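Below you will find one chain, with nothing else, as structure tokens; this is the form predicted on its own, and questions on how it binds or moves follow later.
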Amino acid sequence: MPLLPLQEIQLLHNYVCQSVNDPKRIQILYALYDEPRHVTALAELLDMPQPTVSRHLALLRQRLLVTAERSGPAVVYRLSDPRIVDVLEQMRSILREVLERQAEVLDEQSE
């Protein structure tokens, strides 16, 4: 694989990596993968204060990972591209494998 230009890596970091560097934002992305929701429903589902959810949604909107659509008096949020959850699932898979390897190394060291 060719070395990526630093400018492209910086964009990736700014738009995607920084967006998922908070566990609450990851939870929001997973919740929106299941179905579009308004902020109050997200707050209840995730057991977070509504202002916290709103603040995280604002960042995710700014980074274009979620969109907002007015539905009467409420605003409904949805994923801009559900592939972001596929990426998170790949990262979870890597994490599981890393933790398994780590456990194996610790077992070998304790023998």
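Just count from 1 along the sequence shown to find any residue number. Just so we're clear, the structure is a prediction, and the values are computed from it rather than from any experiment.
Same protein, other form: the form predicted together with a further copy of the same chain, not shown, and the subject of what follows.
**Q.** in the predicted complex, Glu69 touching a further copy of the same chain (heavy atom, 4.5 Å)
**A.** Judged by the heavy-atom cut-off of 4.5 Å, Glu69 is well away from a further copy of the same chain in the predicted complex.
Q) Using heavy atoms and a 4.5 Å limit, would one call Glu44 a contact residue for a further copy of the same chain in the predicted complex? A) Because no heavy atom of Glu44 falls inside 4.5 Å of a further copy of the same chain in the predicted complex, the answer is no.
Q: Answer with yes or no whether Leu60 is in contact with a further copy of the same chain in the predicted complex, where contact means some heavy atom within 4.5 Å.
A: Contact check for Leu60: no, nothing within 4.5 Å of a further copy of the same chain in the predicted complex.
Q: Would you please decide whether Val39 lies within 4.5 angstroms of a further copy of the same chain in the predicted complex, comparing each non-hydrogen atom pair?
A: No, Val39 is distant from the partner.
Q | Sequence-ordered residues of 10 to 25 touching a further copy of the same chain in the predicted complex, heavy atom within 4.5 Å | A | Contacting residues: Gln10, Leu11, Leu12, His13, Tyr15, Val16, Cys17, Gln18, Val20, Asn21, Asp22, Pro23.
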